[in-house]
Structure formats: C-alpha cells, structure tokens
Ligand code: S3P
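Have a look below at one chain only, the form predicted on its own, in structure tokens format.
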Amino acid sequence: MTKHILINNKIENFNERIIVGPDKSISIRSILLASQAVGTSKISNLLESEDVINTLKAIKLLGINYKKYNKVYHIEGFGLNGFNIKKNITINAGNSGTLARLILGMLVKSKTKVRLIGDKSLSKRDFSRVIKPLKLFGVNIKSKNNCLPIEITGTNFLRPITYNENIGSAQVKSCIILSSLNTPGTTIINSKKSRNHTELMLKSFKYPIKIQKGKKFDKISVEGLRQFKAFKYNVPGDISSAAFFIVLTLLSRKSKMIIKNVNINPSRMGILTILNKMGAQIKIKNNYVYNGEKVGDIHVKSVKNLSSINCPSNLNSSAIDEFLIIFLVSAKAKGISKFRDLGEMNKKESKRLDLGIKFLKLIGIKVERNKDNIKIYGKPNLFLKDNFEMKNFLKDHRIFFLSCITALTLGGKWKIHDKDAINTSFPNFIKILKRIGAKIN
C-alpha cells in the first residue's frame, strides 16, 4: 500500500463551502465524560479518527459498553467510578496525549492496577505534569523517567487539592478536574489560560463546577462525588482542522471559502486573531452557542498583501496547535514576524518548534532562533520550483498537513511520506482537498 502522496501542481482558484472533521478535543472529552455519566449518552458527529477510536477502546476495557446506531454513538455509563476493570488490563493511547493524560484522571479510584502505553511518539512525551498532581490526590502511580509506560492504582482515600497549573495545558487542567470528580470535598485549580472544553461540558451537564475568570489565570472549583446524568452531544467542526483550509484560501489566488459549523471557542481562536492582525479578513457568521460552546461559519478569502506580526505571547495557548501553519503565512508576509515563548510546541506529537524551523529553512526562509523565541523573515514573492521530500517527521499529522498546503500554494514538486498520519485527527483531509480541485497522486 502506498504510504506517500505526490503534489506537482499548485491548486487553481476556487470558491467553495466545506465541512471539516469534527473537533478532536471535544470528541475525546465527550466519550470520557459519557463513561462517567448515569445512563446512556448519545453522541453524534463523533470524529472517527485513530485517537478517538482508541478512546472508545479504552472505555470498553474499563467495562463501559457502546454501540453505534445510525451514525450516533450510544455510550452506557454507570456514574462516577462506574468502571468494571478486570485484572491486568493495558490501555493503549496510541498517539493521543489528550486521551493518555485525561484517562489517568479517571482512574484515581481504580482498585486494580492499570497499565498505560502509547506509540513511539507519545512514549517520549513528558507526563510529570500530570503525575505530580495525581500523587497529591493520593494516587499510586509509577513511571520511569516520567514517560510511558505508566502504572496507576487508585485509592479509596483521595484528598482534594489546591493546585497551581502554570503551563497553560488544558490536558493537565482536565486531568485534575476529572480526578476531582471522584474526590470528596472541593478541589481548586488556579489555571493559566488554556482551552476550556472540559469545564464548559461539565457546566452544561449541570455539574457543580465554578469558574472565576482572571486576566491570565482562571480559578476553577470542583465539588467531588456529584453524579451527573447522561447527555446528548453533537460535536462541532474542529478549528485546528479548519486552520489548514483557511491558510490554503489565504495564500491561493482569487479564492473564497466558507467552512461550516466550526467550534469557535475563544480559547481556541488564536489563529484567527493572529491572521487578521497580519492582514487577513476572516469573518465569522451564523454563530450560536451549543452546550456552552460557540459555533459558527468561517468566511475567508485570498489576500495579496500580508504583513508580519510581533505576536503577543498571550495568544500562544489559544493557537498552540496552529503555529506551524501560522509560520507558513509568516513566510509569505512582508517583514519580520516575531514569536516568543514557544517551548510548549516541542511538547506535542513531535518537536514541532524544531521541525517548523527546519521546514521553513527547507523552503528557503531565513529564521533566527533564541531559545524558544524566533524571527521569520518573510518573502512575499516566494515561489518554489525545486523537488521536496518530506519524511522522518514522527508521523506528525500537522507536519503532513503543513506540507500539503505549502505544496498547493507555493509550488514545487513534493513527495510527502506517512500519508496515514492523517488518520490521527482528520481522515477526510485529502478527500476534501481533491474535491476543491487539488491534484494529488
């Protein structure tokens, strides 16, 4: 089976309406919370990617049954700590840091030891950021070098904690929130701003969670041991998936696109703020609120003249998954774009900051780096003619997407390996590209 694609031509102008894949973050969270609810939850438009399928497999191992009827997933929950865990189970999180870190928070009361593993990429990622708070709850958790594999055994003597989350990691925050559901008393998290899907979902399910918003930090208070009922949830489109089509349109000639029903949660909107500061004219229409989440249609059109940006670091957490594609826009912008404090990019599926800089240099862009700060020297007339081959990027789906958008907007002849990387988050990516006119072999 062919594991690579070939792109030899830029995409021609287009005027399209598309629907991107469902939101991965919300898909994973909706499954995990359904497994803790009382009754049968019904989730429609669930993303059927590898990360999400691994989440379904995980709850199955924990004794939670699910079935799919007419494209709707029915998940039968038995309430908090309602797992029926057999001895010696191993949960494979695959490539998903979200699944791995969040599910640890749901195992804090497990009487049976559970082993958590992942793929080569995930096994290199830092888990000390969740191991530390879990130990404060009283959980028995073991790991070599703070990486996978991890063995966790819960306790009946959980204690509420007060924790300062200074990284701006939604995964850490969510792990603590999920741990606190099974813990008596009130757990308090002083959390640096990050995506807030877990809090919004629990709030929409009438769970007693309180959020006091500050300028840089939110104070989150969670009362433990309160059951919540099964729910219905229709997962909106993923802004991280939409980002690649937004940039495809921006950098193409005389093109327009409407991306329908996208999650436009303010904690995920950094990319739109950044691109509009650079001269894009991206608009959101038909917006509404669903289960606490904002949803709308994104309207974008080509822009001839893009400007560089001195990117405020307070936008980092709301654009952390999109910086690779933002770097591509900076490569075509007039002037020098500056980004600071991007170390968290190297804690993702691959060392994305390192690879992003390497990618920019590959296409002829000057980049200066000082620790986690970079300057990108834009070339508004950048046009590629050479042959390029992309491989050995740890099968990071976002590097694959970036390579495709670069080939389709800047030219050159591209051989892009690890086609299966798209299955992690956006299985229909290539199919949509072809539908709007991309020539991909």
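Residue numbers here begin at 1 and follow the sequence given. Note that the coordinates shown come from a computational prediction; the quantities given were computed from them, not determined experimentally.
The form predicted in complex with the named molecule is left out here; the points below concern that form.
Annotated contact segment (heavy atom within 4.5 Å of the named molecule in the predicted bound form): 166-174, selected among 147-155, 166-174, 68-76, 103-111. Contact here is defined as any heavy atom lying within 4.5 Å of the named molecule in the predicted bound form, and by that definition each of 25, 29 and 98 is a contact residue.
With the partner removed from view, the residue among 189, 320, 306, 235 that has a non-hydrogen atom within 4.5 Å of the named molecule in the predicted bound form turns out to be 320.
Only one of 129, 332, 294, 301 comes within 4.5 Å of the named molecule in the predicted bound form through a heavy atom, and that residue is 129. For the chain shown alone, residue 348 is a contact residue for the named molecule in the predicted bound form, at least one non-hydrogen atom being within 4.5 angstroms.
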